[in-house]
Ligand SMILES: Cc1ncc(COP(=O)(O)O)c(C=O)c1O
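Here's a solo chain for you in structure tokens, the form predicted on its own.
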Amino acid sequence: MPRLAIKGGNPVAEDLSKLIPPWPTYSEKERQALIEVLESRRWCRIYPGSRAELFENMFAEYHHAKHGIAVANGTVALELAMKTVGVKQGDKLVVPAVTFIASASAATELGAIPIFADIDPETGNISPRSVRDIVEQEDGVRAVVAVHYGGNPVNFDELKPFLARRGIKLIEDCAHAHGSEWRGRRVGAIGDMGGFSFQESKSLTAGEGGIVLTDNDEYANKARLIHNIGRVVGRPGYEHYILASNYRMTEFQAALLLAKLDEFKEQVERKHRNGAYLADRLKRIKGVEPQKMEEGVTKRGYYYFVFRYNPEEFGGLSKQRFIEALRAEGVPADIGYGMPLYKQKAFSREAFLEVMPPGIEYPNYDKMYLPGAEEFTRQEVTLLHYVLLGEKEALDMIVAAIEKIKENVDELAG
């Protein structure tokens, strides 16, 4: 029986890193695109016909949306969406308890209050039942932020009609979900507005950057004004129509994204196929359960490949020790975000009230316990999306590493 790498044996996935691309990828195409912007001396998108405008149109079209507004990063994409749909100081926004902190901190930047909803531990997505309970119990809910966790679209069939009947806006957090589809339509403008991130680790990246999508003409016009300090592109530079901030994307970011767009579209298809292959292989191993997808998901644009680890099927081996063993075998596994947001120090009473306007009451995050969120974070193991860009040989190495650990689990327990 082969010895575990963590105990001095040979890593079964030693060559995995050679079979997947280093991330982020780049080529001469990206290099030339940046040089062209540099030499143009037009580095800001304030000119009609800018690269940022071209990218907005192309990305929106790909995502089946009428409008795109490119911004500096994914966090301000959410802030812009929230401002546009009318979120104001003191309003409440329902946010899933397991997500990157920006899904909630974007609200606090506006003086709004995140109300954490539980998640479905099988899908990792916000629980429609938890959303309904909150909306029925809380006054002042302005919007719901629905995160497509790991690229796994939320259940729009349950969320959207319920919220629409109550006049509550649906904001999609698509930072994980570039290219994901629900019933044949790509995410981003299925809700009222959607925000994407192009941060370095994302499946389409310019280091930083973001975009807001919508089908609503009024929202699009309002968002364009807000994101450009109240100015209209093509009008004299010092005409301002509203008081606002500057969320603009640079021409360097737009040039990188345009250069990578065709490659990205092909990668979405490859990761969808490979994700399904890896999930099917892992289902055969007791104790590692791939993230469940709803029946309405027709395409998965991955950020995380997620599976849930059950230590009882591995002789009681802790998740931390399992991940250490997996990494030793050559598999770059991680724990996702590690804890529900309400356990973050940023949501302690002192930290929360320090940034909120006077008169806002602390929502007692420190006393929260949401069972789905606790179960999910206790079990979650993640692989970043670029692992799925390898061929089946690479994916088989991941499976072999998990099988090896399970077969030799007594060696670790000892």
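In this text the structure is predicted, and so the values were computed from the model without any measurement. Residue positions are given as counts along the sequence shown, with the first one as 1.
Omitted here: the form predicted in complex with the named molecule. The next part is about that form.
Asker: Have a look at 161-169, 179-187, 69-77, 249-257 and name the one stretch with heavy atoms inside 4.5 Å of the named molecule in the model of the complex.
Answerer: Going by heavy atoms within 4.5 Å, the stretch is 69-77.
Asker: Given that the named molecule is left out here, which of Asn228, Asn274, Gln199, Ser130 has a heavy atom within 4.5 Å of it in the model of the complex?
Answerer: Checking each option against the named molecule in the model of the complex, the one that comes within 4.5 Å is Gln199.
Asker: Find the only residue in Ser103, Gln267, Thr123, Thr214 having a heavy atom within 4.5 Å of the named molecule in the model of the complex.
Answerer: Checking each option against the named molecule in the model of the complex, the one that comes within 4.5 Å is Ser103.
Asker: With the partner left out of view, is Pro114 within 4.5 angstroms of the named molecule in the model of the complex by any non-hydrogen atom?
Answerer: No.
Asker: Any of the heavy atoms of Gly209 lying within 4.5 Å of the named molecule in the model of the complex?
Answerer: Looking in the model of the complex, residue contacts with the named molecule include Gly209, since a heavy atom lies within 4.5 Å.
Asker: Taking heavy atoms only, is Tyr337 within 4.5 angstroms of the named molecule in the model of the complex?
Answerer: It does: once the named molecule is placed as it appears in the model of the complex, Tyr337 has a heavy atom within 4.5 Å of it.
Asker: Could you confirm whether Val147 comes within 4.5 Å of the named molecule in the model of the complex, counting heavy atoms only?
Answerer: Result yes; Val147 sits at the interface with the named molecule in the model of the complex.
Asker: Could you run down 158-175 and flag each residue that has a heavy atom within 4.5 Å of the named molecule in the model of the complex?
Answerer: Those in contact are Asp173, Ala175.
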